[in-house]
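Two forms of the same protein chain are encoded below as structure tokens; each is given separately, as structure 1 and structure 2.
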Structure 1
């Protein structure tokens, strides 16, 4: 066995936002091992998506198509991808860590007498070979995992860990694969699509986020940070205590029990940096922290830190941004 196969996720012809994060992870894994990386898309009439992938640095792009794969079912995906993995014989199969992947990938791994190493945040060279790192206890601990059995290694990567823009461009041949499926093999039937909690905003898509923590003191003071977010054209977010108090909607919470984000800029105002919050924003490209406590953990992950009173700094920063914009 050799090579890396990345299984991307789509729904109704639209990519899941994490698909290209997984593709970036697959390309990096292949480069680390000195092998080729390929990609697969499962569904029906997925040629437009395959054409997009043909412009990436891949050995090949597999269009896994069948009328019984038009709607997602765990049985259909397991049966189809089992045939693809046997045909391609990759050493590693990489997925985005989505709700759908959590539904079918463990069963697929079991077909090969393997387990799914899920929610991976890093891939490292260990003394005995490649090691995958996962977080435990809401990010308090990191654990190393290594495959020891024979057969392909199945891995899913955590949202925000690998950056979609890191995907390398290139050219790839497209191949259509028609798995052998019958309706009798599909025991489960498509139901209502799973939807994550209804959100007024998708923070995961925001390029700039201004996030507020308990250092703001009280709800009426949030307007100070909101003005800065508006000036920057950013989305307003918060740590868990703010949302637990009802000061901002739960949809704006960043962290292990909220949304995972990876903006170009994350500005943390009055946030101490509890590990549960850091888990949700660690994929940010640049982090600026404002906190009066110079020992706050948030400064350990910040690119730029400002130690001081946010009630003096934030209004001055808002004024400077507006002046720079000529507003």
Structure 2
């Protein structure tokens, strides 16, 4: 077994934006190991996407096509990719860590009695050989994981860790693979995608956002952050737990399952900085974080940081902003 196989994600002929980050990761891993990198696209009629990959530095591009793969199902993808991985026998299979990959890749790895190393943020050569780095405890710690099994090593890479622009150009030959699949093998019936009632708040255009997290403690305390937002003329946003609790409407949630924002200023109050939150606000021009934990991951993406109690800092800041504006 040798080589790296990257499984790219598409839906209805459109790439998932993380696909090329995984491709970059796969190419870098292959270069490190001195082996070839190939890519696979699963679906029905994926030829236009495959054509795009023909211009990348890849040994081979596999179009894994079947009418039963038109819509994503875990069963369809596991059965199809099991055949592809058996046939190609790569040493490494790399995925973007998307919601879809979370849904099927652990089951695919199980078919090979392997364990997916999920949500990887780095690959490193150390004294222990090649290790994959992933985060523990919502980003508070890093951990090195090593493949010890015999089979192919399955790895998914975290959003934003590898740069899509780093994908190397070249030429690649396309091959079509038609996996053996029957309708009875697919147990789930997927429906159409939908969104909840129209987004009532559009945070994507807001120039200034003040965002509140679980550090606020309880619903009644949100008013102190709201006052700061008003003083700054900012939109109020929140991390997921605040919206889960119904303290602020879902429409104000920032993150992978909420909105993606890129304001001039994102002021994070009592937010730890879990990756699912960070992907929604990493594009902000300036980030200020107020958090009582000096090791909170949010500081890693902040330009200015305040380690302290938000209940002391926020009211003082509101007062200072109002004074500065009044002057």
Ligand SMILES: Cc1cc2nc3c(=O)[nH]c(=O)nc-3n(C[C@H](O)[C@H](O)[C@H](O)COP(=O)(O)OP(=O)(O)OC[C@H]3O[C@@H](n4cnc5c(N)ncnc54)[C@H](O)[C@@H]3O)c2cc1C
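Positions refer to the first chain, counted from 1. Owing to the predicted nature of the structure, the values given are computational and were not obtained by experimental measurement. Under this definition, the rigid core comprises the largest set of C-alpha atoms superposing within 1.5 Å between the forms.
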{"property": "Identity of the form predicted on its own among structures 1 and 2", "result": "1"}
{"property": "Exceeds or equals 2 Å, Cα of residue 112 between structure 1 and structure 2, core fit", "result": "no"}
{"property": "Post core alignment: residue 11 C-alpha displaced by 2 Å or more between structure 1 and structure 2", "result": "no"}
{"property": "After fitting the core, residue 256 CA displacement of 2 Å or more between structure 1 and structure 2", "result": "yes"}
